[in-house]
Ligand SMILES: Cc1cc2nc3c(=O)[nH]c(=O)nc-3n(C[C@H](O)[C@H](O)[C@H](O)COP(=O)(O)OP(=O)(O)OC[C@H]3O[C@@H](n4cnc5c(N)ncnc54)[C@H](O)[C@@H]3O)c2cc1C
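In structure tokens, the next block holds one chain alone, the form predicted alone.
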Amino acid sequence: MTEILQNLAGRPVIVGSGLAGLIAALTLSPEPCVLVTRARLGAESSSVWAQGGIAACIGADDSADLHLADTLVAGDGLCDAAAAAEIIAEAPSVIAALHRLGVSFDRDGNGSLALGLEAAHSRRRIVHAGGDGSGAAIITALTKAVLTDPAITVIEGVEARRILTTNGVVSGLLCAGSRGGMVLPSSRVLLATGGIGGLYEATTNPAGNFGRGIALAARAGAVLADMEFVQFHPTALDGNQRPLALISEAVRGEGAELINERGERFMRHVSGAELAPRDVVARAISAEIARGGRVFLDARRAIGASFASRFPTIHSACRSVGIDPAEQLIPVRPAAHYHMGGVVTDRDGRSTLPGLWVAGEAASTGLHGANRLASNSLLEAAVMGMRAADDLKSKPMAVPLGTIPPMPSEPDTTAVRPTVSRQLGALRSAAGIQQSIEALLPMAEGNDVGADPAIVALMIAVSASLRTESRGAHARTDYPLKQPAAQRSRITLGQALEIARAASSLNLARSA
């Protein structure tokens, strides 16, 4: 039995309780809205695990132009420079807004905001809260603000399964919860559902983050962009946990060095060394592991006894596996960390589907290009969450509910993860991409628990097949060079399925 929640009809619906979702709800207030979250409010999001903080050009030696220049270099030619400039320019106001909402940022001895350095930044501009527990500190403060705001109705333990449309316009959201199915009638839906790390065996993201918002938007007909660009964080704590604990770039920013099992500092002669862009460092570490070696982060000399106070979260993660980072080497490996691709949005968070807004990692604004600059993600989530909310306020529409489909099964990534991890990792090839397309297509066309994860993975695979170059976080062993005139990719689910079917049929004919 699917219940239609008429008492909440017409209110904006926000899906997700990370930074983008929480700040959007608070920005909408005092207009009543509904916030739907699969787990407890703020508990299962990548935002809460973020260690690095928020990139903000507020230092005396810094500027928006310098921050933009660093972003464009990291984005490797595929950033939307105009969109990036707008988002970066709002960084100081974002920090001020978060402070007003109760976030207590770290200060130096003079009472000024303490600014950290991370990879590929030319200035110290990373604003932290609670040391390396920035995400948790920010989400805790915003969660408290949301729970005390009478305009925000929070529905926990509910999973969005389908976006409902009527004549090509959003008309509601079909959800599943412990009490059964429910429909939230609304012509204003904001997806703030996080990334796709759960598609991989080795990830620093919550295991349930498989690209839920991307699948919802794709099934409803929205256009997606840059799906092939998956960022692998170079230094996840190498072990048997899932997800893997993140060893923040801030550790390398404080002077920690990467060495292999031979004691060689293999990044020494690379431009930027340990603080080179993430894709460069991830591939260098992957190469060491591929030859049968191991890689370690050595913080003993640079940080030493102050490690526990400077990086308490990382220190705790290391000690949980029997490592004292002040005196021992930290074993590390790359892990799926952030997705530059997602649902195409304009500068107000609007997707190509009327009535659907997207913010945070599920969106593709053009800020990140082919490779996200460290700590630009929380900045984007906050800026675009607020922008989308402001735009939502002026867009109420009366759209009647159409046919309500049967409730889809709860998604499960088990069948998808091995293929994605093996063929769509930090290094890709035509043969591997083709194998992934053939394995994922039947699942994406089906209706079982693997269908939604397979849809997202298939769109990554098809987009990877079409980008015959190596750029940013997309590296192909068969196309190691960049194309001279590359552009951002655009694709719909229908186009991806059509390309995948053609590729599978062609490969079958070749094998006959």
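Not measured: the values here are computed from a predicted model. When you see a residue number, it is the position in the sequence shown, counting from 1.
Same protein, other form: the form predicted in complex with this ligand, not shown, and the subject of what follows.
Visitor: Using heavy atoms and a 4.5 Å cut-off, decide whether S286, S470 and H474 all contact this ligand in the predicted bound form.
Guide: Verified in the predicted bound form; spot residues all out of contact, no.
Visitor: Would you check, heavy atoms only and a 4.5 Å threshold, whether N205 touches this ligand in the predicted bound form?
Guide: N205: yes, in contact with this ligand in the predicted bound form.
Visitor: Report yes if any heavy atom of G194 sits within 4.5 Å of a heavy atom of this ligand in the predicted bound form; otherwise report no.
Guide: Yes, contact at 4.5 Å.
Visitor: Is the gap between S375 and this ligand in the predicted bound form 4.5 Å or less for some heavy atom pair?
Guide: Flag for S375 set to yes.
Visitor: Tell me, yes or no, whether R417 is in contact with this ligand in the predicted bound form, where a contact means a heavy atom of each within 4.5 Å.
Guide: Result no; R417 lies far from this ligand in the predicted bound form.
Visitor: Consider the chain as shown here, without its partner, and state which of V36, I460, C57, L28 has a heavy atom within 4.5 Å of this ligand in the predicted bound form.
Guide: Spelling it out, the residue with a heavy atom inside the cut-off is V36.
Visitor: Just to confirm, with a 4.5 Å cut-off on non-hydrogen atoms, which of D80, E159, D412, E254 contacts this ligand in the predicted bound form?
Guide: Selected option: E159.
Visitor: So which stretch, 304-312, 159-167, 100-108, 83-91, is the one near this ligand in the predicted bound form (non-hydrogen atoms, 4.5 Å)?
Guide: The contacting stretch is 159-167.
Visitor: Who in 5-29 is close to this ligand in the predicted bound form, meaning a heavy atom within 4.5 Å?
Guide: Heavy-atom contacts to this ligand in the predicted bound form: V15, G16, S17, G18, L19, A20, G21.
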